[in-house]
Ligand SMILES: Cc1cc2nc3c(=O)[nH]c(=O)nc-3n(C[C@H](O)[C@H](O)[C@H](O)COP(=O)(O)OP(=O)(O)OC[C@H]3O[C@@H](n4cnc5c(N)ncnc54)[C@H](O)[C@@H]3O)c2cc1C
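Just the one chain here, laid out as C-alpha cells, in the form predicted alone.
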C-alpha cells in the first residue's frame, strides 16, 4: 500500500475529547488502539495518509528471530513477541472474522563453508538453552533434497548444508492491517487524511491550523514520528543535540510462482524470499540511507532480487506482479539504539511513543510495551 499524499482535511470534531489520540495507522498505531480499546478507553486514530501507507503496508511479511547464541534482553523480548504472536493474531481473527494469513513456516539459511559449522553448532546449543522445548534450530547436512523442498534452495549456494529453524513465520501485512483497521473502526474512531504537525502539552495541532485535546497522545507514525517527538524527547538522542532517529528506505518485489503452502523462508546476504498463499512469493529487501521520495521504487537497486534468483533459480521465470518501496524508522536513542521505543516519554505523562525496532516492527507490534531498561 503506497503512501498517499497529505490531504488537508477539515478539522476533526469528535463528540468528546478522546481518552487516547493515536497518531499513525500502521501496525504499531493500530495495535496501540486495540490495546486501549480493550481497556475500555475512548480512542481516536489519525493518519496523514491511509492505513498502512508507510513501512507497515508492504508485502514481505517475514517474522524471524535473532540468532540464539548471543542472548540478551533485546533478543529475549523479540523471542517472546514471536512466540506470543500466533495467539494475538488468532484473537484478532476471531474478533473480526478476517484471515491474516499467519503461518509458522520456518527458515532456511545456506551454509557456504565448512568453517561456519562451528558457529552453527553454537547457535544450536543456544536455541536449546534459550528457546526451550517449543522451537528447534538444526543443521541440515547435504544433500538438501533429503530435507528441503525440491528446487527451493540451490545446493550450489549451500555446499555445507543449511541452517533451519521452526520459529520463523510469515504473515500477510496487508491482511493483518485490514483486520486491525476493522477492529478499530468497529470499536473506536479512525480518520485517514488528517495530518498532525505539532504537539502541545496534552494536545495536537493539525495541518489546517486547528487544535484538539486528548487525555493521552501516542505517536506511532514510523519515521515521521521523529519530527513530532524531537522537541519532547531530544535529550534521549544518542548524540547530544542530534536527531532521535532517521528513515531508511527499503524495497521489495512480489512474484507469482505456483507452490504449495509447505515452503520455508529462505534468506542469505540480505535477501529474503518469503512464500505466501495464492502463489505469491515476496522478495526483499534493501536498506538505503540516501533517498528522495519515500514510495518511489528504484529499478537500479535490485541486488536483493538478483541474489534471490541465485538462491532459488526456480524463480527466474516468475513474473514480477508488484514492486514496493517505503521508509522504515531507525531509532537513534540513548540506551536504546535502533531497538523499539514503546512506552512513556520521560517527563511527559501525557505522551508516549511506539516506534518500531529496525526491521522487526511487524513481529513486535502487538506487544503492549517494550522491555524495561
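Positions refer to the first chain, counted from 1. Fair warning: this is a prediction, and the values are worked out from it, not measured in the lab.
One more form of this protein exists, namely the form predicted together with the named molecule; it is left out here, but the text below deals with it.
The named molecule is not shown here, and in the model of the complex it never comes within 4.5 Å of any heavy atom of residue 312. The shortest heavy atom separation between residue 328 and the named molecule in the model of the complex is within 4.5 Å. The closest non-hydrogen atom of residue 48 lies within 4.5 Å of the named molecule in the model of the complex. For the chain shown alone, residue 216 is not a contact residue for the named molecule in the model of the complex, no non-hydrogen atom being within 4.5 angstroms. Using a 4.5 angstroms heavy atom cutoff to the named molecule in the model of the complex, none of 232, 247 and 367 count as contacting. Stretch-level contact analysis of 66 to 74, 28 to 36, 344 to 352, 315 to 323 against the named molecule in the model of the complex, using heavy atoms and a 4.5 Å limit, identifies 28 to 36.
Though the named molecule is absent from this view, in the model of the complex it lies within 4.5 Å of a heavy atom of just one residue from 251, 163, 168, 271, which is 251. Residues are counted as partner-facing when one of their heavy atoms sits within 4.5 Å of the named molecule in the model of the complex; in 190 to 204 these are 194, 195, 196, in sequence order.
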